[in-house]
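Only one chain is given next, in structure tokens, and it is the form predicted alone.
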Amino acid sequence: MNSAKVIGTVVATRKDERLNGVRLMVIQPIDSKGNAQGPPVVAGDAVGSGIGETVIYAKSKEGAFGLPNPEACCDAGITAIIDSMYTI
């Protein structure tokens, strides 16, 4: 699992039926200090996150496991909202 900052939303007039009811969010992967790491990613949102929140997400097939339909074609999925993070 990885951490990211939610930076936007995706509006899709048509999408795979297995993604019905799933919000698509644009997330910016970050390191443990909150610095951007790599390009932004579109992720399915299973937890109701919002812009500006820090989240945990899974990539690859595991990204869809937290969605209502784990068979959805989704390469990344938000699985948790981080309230606070402590690093050493």
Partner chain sequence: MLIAKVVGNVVSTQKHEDYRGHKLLIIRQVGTDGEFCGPEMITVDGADSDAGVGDIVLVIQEGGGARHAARCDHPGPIDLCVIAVVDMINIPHQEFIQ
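Numbering follows the first chain given and starts at 1. Predicted model only: the values in this text are computed from it and were never measured.
The following text describes the form predicted in complex with the partner chain, which does not appear among the structures shown.
With the partner left out of view, is M85 within 4.5 angstroms of the partner chain in the predicted complex by any non-hydrogen atom? Output for M85 is yes: heavy atoms within 4.5 Å of the partner chain.
Heavy atom of V47 within 4.5 Å of the partner chain in the predicted complex: Yes.
Exercise: I7 in contact with the partner chain in the predicted complex, heavy atom 4.5 Å: Flag for I7 set to no.
Taking heavy atoms and a 4.5 Å cut-off, does I27 contact the partner chain in the predicted complex? No, I27 is distant from the partner.
Heavy atoms within 4.5 Å of the partner chain in the predicted complex is the criterion; list the residues of 3-41 that meet it. S3, D31, S32, Q37 sit within 4.5 Å of the partner.
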